[in-house]
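Next up: just one chain, as structure tokens, the form predicted on its own.
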């Protein structure tokens, strides 16, 4: 039996990791907590980065925690440090600085690395950006202030947030994506057209069904992007939203089960005793849909942090939550409740489009599994969102067209 105070190590200080650390300290005043991050910052609000990019808020408003907050709670925040291996038998984490951190309970909340643009001419060319971190955002803002033309590339949330930032900063903006419409994993052609119309209202040129073949640079900076269909798109800066690769490589020599993400049970524990995962990197059991999946949203990561922090100190609390995500979409909003996956054969979907405010259309799409509501996607008016969260939480049965229509028009 351990004679020392419990030792907690958390890899990743995003909202999942930091929330877990805070929860652990509330429940265990004596245990040691080491919170590791490869960034130089305490927790900041990634959801606020698009507004910082647009110039709507200042950097200070992005920050959530400071170093003093960690010191007051005796949480050892270790910055600019990367975990490079874990030994689950000896129960230690090894870092790139040569430090070794023993643990009794380990949380992996490492998120993922943004996929870079890998085409001819991209390597070594400046001003091609990912948009995930605070440093990414600061670097992009600096370049936007001296640029005239910008290209946002990809069909993800990141790509439209880049596009929005470019357009609001009055750059001549093109939005290029390989798919037939934006967010094809959740929308359909109708919903895609709603988004295109909003973007075009802001002067954005939207191009579907094409992809970058090469970057033509001049003096080490982009001049234009050449596409596979022969287009030449002027851009002196390029923002890339091509998804992420989950950060699990440092676990390659461990027995921890990894599929799409790190597989955890309903208590967010892996197949190895004392090792947990949370946030984007966790492939967790979702009781709403009845199977494991990953989800890269802020609310989900925060909920994971609370649950896993409780369980790491000896609790036994199952994850039971309906994750939500909201984001500004040019001059409207997009909200996702629960699971919204158009490419999931187990889910059925129905949608409605109608005139909204500011000359835009409202769009609402319901996702059902065995006639039970498991997810909602909304573009435009947010009216009825709280009620919809409750319906998803209760897995409301919507078997008839009339019942579905009532929810599609719920205010």
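Residue numbers count along the first chain shown, from 1. Note that the structure is predicted; figures quoted are calculated from it, not measured.
Absent from the display: the form predicted in complex with a small molecule. The rest refers to it.
The partner is not drawn, yet in the predicted bound form one stretch among 265 to 273, 76 to 84, 121 to 129, 218 to 226 has residues with heavy atoms inside 4.5 Å of the small molecule: 76 to 84. Remark: residue 113 counts among the residues lining the small molecule in the predicted bound form, judged by a heavy atom distance of 4.5 Å or less. Interface residue remark: residue 46 is counted as part of the site for the small molecule in the predicted bound form, having a heavy atom within 4.5 Å. Among residues of the shown chain, residue 322 is not one whose heavy atoms approach the small molecule to within 4.5 Å in the predicted bound form.
Mapping the unseen interface onto this chain, residue 16 counts among the residues with a heavy atom inside 4.5 Å of the small molecule in the predicted bound form. This chain appears without its partner; in the predicted bound form, the one residue of 310, 88, 288, 297 with a heavy atom within 4.5 Å of the small molecule is 297. With the partner omitted from this view, the residue of 171, 301, 238, 105 that lies near the small molecule in the predicted bound form is 301 [heavy atom within 4.5 Å]. Each of 38, 109 and 326 comes within 4.5 Å of the small molecule in the predicted bound form, counting any heavy atom.
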